[in-house]
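In the block that follows, a single chain appears as structure tokens, in the form predicted alone.
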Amino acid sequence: MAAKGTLYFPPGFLWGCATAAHQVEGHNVNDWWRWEQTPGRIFQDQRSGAACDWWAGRYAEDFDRAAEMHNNAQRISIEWSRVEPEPGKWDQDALDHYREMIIGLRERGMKPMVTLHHFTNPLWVGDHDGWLWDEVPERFEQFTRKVITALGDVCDLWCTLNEPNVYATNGYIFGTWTPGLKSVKKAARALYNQLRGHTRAYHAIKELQPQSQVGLAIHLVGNKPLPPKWINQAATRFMSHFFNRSFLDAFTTGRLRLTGGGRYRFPKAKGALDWIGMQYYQEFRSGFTLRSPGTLFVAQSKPTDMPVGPHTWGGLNPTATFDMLMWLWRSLGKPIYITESGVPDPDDTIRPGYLAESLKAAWRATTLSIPLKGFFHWSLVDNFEWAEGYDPRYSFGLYQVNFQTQSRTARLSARFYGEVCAQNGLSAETVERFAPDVLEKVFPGEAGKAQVTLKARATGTYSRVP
């Protein structure tokens, strides 16, 4: 029988959801909008269109939904192409609209975390293959200065870049995202320019708003070798270094080193972080293959020893959230936000258990004095999922969206998450009602003994690189 108890999070912990401008606003005109116009690039040749209709005002009703879930924070992003549709041409109406959104969050008792770049670029940046253009870091700093000057009095928690490693990999190695290139060296250059862009933006924000807290969100992927391990261990190390480690290492060493992509020195990056955002969703098995020369003969596949997501999605292992947090803390020594955590699940059958196990893993980290400051669920509402478009298999929202009528329907997980946020903790009673299938895993035995066991298991056993 599972124990009755509550796993409480630290006082002041931030509970919220995350969204991205292009995925929810609707009718953006940027490099992703242009990418969508060519058949074969998006699921069923869909286009983002109205998305969740936020730019027309529906953000307000979705903010109300977040408030009803007792969220005390919310992560949103600003669309660069709206603010600077042409080089040096600033749209004050767009800045005013974002101001209204941020004030709307504050009026509802939610702290805004604002992301400055979430995958999309103005058309004039896209004309130069995005972040492959060496002038982008300076242009991004100028955009950042404009935003901070306009909005710094209503927001002081900033995320410069969202998942620079995902942007570089999908856009410059796999070619499935704009600009559609396939070159490890070009991906490395795009990563380097994002490092420069973040660093310039970081120092600009601290100059204009010294009390602000500035970080970025990195995507971490679990990686283990395919058999035979003695051969494929090297492939796993390559994938983990390129995707998980390389960008982060620059903040402690001042160098960006990428196997097959070159080495870059950038001392100004050293220490240019107040916090780091962790985004963990899935894990893969890695190995060598002659079929993937474009990725230096290294490829990933789905695990066979755990549930997996749709299509190319990997294995679902929420308990590994703890491993990732431990590794990230030991790597950087910076405060951490879980800036995204979620699962594609249109029927909401997996999400409650996945959420419960993820939260248990996050709580474990706090018991070891890891400075975890907040948890942002991806996502508040179903939205446009990049190359997956509106494929229902990739529904991440706590609220289901009918994109024909723009109606919203609360999933069971919305009620579950709302109770967690309200009590600043995860209780056995809540898990028993919303995710009974994982109750014994989340609350094994007597609550006090469980905490002691968790601490004992954690000691000295999670030093590996994910």
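Quick note: we count residues from 1 along the sequence shown, nothing fancier. In this text the structure is predicted, and so the values were computed from the model without any measurement.
One more form of this protein exists, namely the form predicted in complex with a small molecule; it is left out here, but the text below deals with it.
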| Listed residue that, although the small molecule is not shown, lies within 4.5 Å of it in the predicted bound form (heavy atoms), from Asp156, Asp129, Glu141, Glu385 | Glu385
| message | By the heavy atom within 4.5 Å rule, which residue out of Tyr98, Tyr281, Trp329, Phe322 makes contact with the small molecule in the predicted bound form? | response | Tyr281
| query | According to a 4.5 angstroms non-hydrogen atom cut-off, is Trp378 in contact with the small molecule in the predicted bound form? | reply | yes
| Interface membership of Arg200, the small molecule in the predicted bound form, 4.5 Å heavy atom rule | no
| Non-hydrogen atom contact Trp133 with the small molecule in the predicted bound form at 4.5 angstroms | no
| request: Look up in the predicted bound form whether Glu163 has a non-hydrogen atom within 4.5 angstroms of the small molecule, and give yes or no. | output: yes
| query | Which of these stretches, 222-230, 261-269, 297-305, 385-393, has heavy atoms within 4.5 Å of the small molecule in the predicted bound form? | reply | 385-393
